[in-house]
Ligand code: AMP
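Here we start with a single chain on its own, the form predicted alone, put down as structure tokens.
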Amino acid sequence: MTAALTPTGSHAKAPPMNILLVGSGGREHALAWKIRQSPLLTRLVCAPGNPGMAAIAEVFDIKPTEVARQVALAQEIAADLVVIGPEVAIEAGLADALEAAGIPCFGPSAAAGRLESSKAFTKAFCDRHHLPTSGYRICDDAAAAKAALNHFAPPYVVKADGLAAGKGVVIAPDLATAQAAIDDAFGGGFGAAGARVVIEEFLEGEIGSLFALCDGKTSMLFGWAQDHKRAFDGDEGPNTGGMGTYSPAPVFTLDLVDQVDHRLVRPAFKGIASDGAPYRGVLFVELMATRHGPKLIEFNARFGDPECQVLMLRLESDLVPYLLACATGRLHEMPQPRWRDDDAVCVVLATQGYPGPAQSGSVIGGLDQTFGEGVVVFQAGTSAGPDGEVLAGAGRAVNVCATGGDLSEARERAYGAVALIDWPQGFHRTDIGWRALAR
């Protein structure tokens, strides 16, 4: 059964829907929170989910990469739509298996998902389809990678080719640090993802995250935000999967958005289709706004985390019709999404030691309270303890999000809520949104 869509967004004739959401992080909790609000929804199932998602949906302990079990679950619940959250499920071919089973899926095929799962593929893709990006060298061993450093000036950018949960990038200020990063990558520091590395030109400018939907043919811009990748205040410390976000981001002027759409988004969707892998889902364009225009840092084949969290807070439209339209080739029927005027901020709380080795299992207290106007708390890397307590994993665990009439009000609400959470083993940045406030 596939729900009907209308260009006006009316749900009067749409049948009820069963939806399976794959994943367990803060991104997936935010998606579940937004999907739960849809009048189209009958049943929401999350696999594997987390304790926060269990409060608003049914959860099943099935890993995103257990493709056969995920497909079987979708069939068992008679899913009208499967929404893939994490990139590992895309790389594992979950969308391909669902298509073979005749189940509509929001998420690209493994072939289209190579735009994220292989940075080497993406660099060559940019060359073939004339997308602006940084200079690069692809290297299959440490000696070649160290030799490639001679083609660039510091700071050096060393990237693992494969998926590394947002942590496979080292910005090295000098040659010795870059060489050590190369040795770490080929020594197994990023697992299989580091079996090949990409050495890149360092781009000067301001970073931004833009999102676009596609149903294989039609595309539509779907919001933007600014992330904070470094672990500590002042953009210091190692790269992480993201320590906080805010939206809207002043870097995205109307001119920049138009340039990104025409120079990166549309050519990417056209190019991957011409390569035989039409894109169905959301494309995350991480870019650098340089003095020469926007340049691609990397593509991600899913919503960003924690960018998704602020987008869901600001999205006024029902999300479900857009997800379904991408899965069924009907995005051309959809109106432009409506966004709230409010600003939104997300502050990430992570276990001390992240993104390096960290101890899991500490108790996060205070998550069951009411935090106040405009505040929503999403769980990320958490699990349920034997007595119902919330336990932190070894990485990002909680996303404290808030909306406000402006960025300052949203920040004040978010950090006020952070102060109410009892977790001595956690840490967070205190300067989310600093670039916008400094303008």
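This structure is a prediction, so every number in the text was calculated from the model and none was measured. Numbering starts at 1 and follows the sequence shown.
Keep in mind that the form predicted in complex with the named molecule is not shown, yet the notes after this line are about it.
Chemist: Of 138 to 146, 101 to 109, 297 to 305, 251 to 259, which is the one stretch near the named molecule in the predicted bound form, taking non-hydrogen atoms within 4.5 angstroms as near?
Modeler: The contacting stretch here is 297 to 305.
Chemist: Answer with yes or no whether residue 152 is in contact with the named molecule in the predicted bound form, where contact means some heavy atom within 4.5 Å.
Modeler: Taking the distances in the predicted bound form, the answer for residue 152 is no, it never comes within 4.5 Å of the named molecule.
Chemist: So in the predicted bound form, does any heavy atom of residue 318 sit within 4.5 Å of the named molecule?
Modeler: Output for residue 318 is no: heavy atoms all beyond 4.5 Å of the named molecule.
Chemist: Would residue 201 sit within 4.5 Å of the named molecule in the predicted bound form, counting heavy atoms only?
Modeler: Answer yes; at least one heavy atom of residue 201 falls within 4.5 Å of the named molecule in the predicted bound form.
Chemist: Residue 239 near the named molecule in the predicted bound form, any heavy atom under 4.5 Å?
Modeler: Contact with the named molecule, yes.
Chemist: From the list 358, 180, 92, 288, which entry has a heavy atom within 4.5 Å of the named molecule in the predicted bound form?
Modeler: Here the answer is residue option 288.
Chemist: Taking 4.5 Å between heavy atoms as the contact cutoff, choose which of 207, 88, 71, 367 touches the named molecule in the predicted bound form.
Modeler: It is 207 that has a heavy atom within 4.5 Å of the partner.
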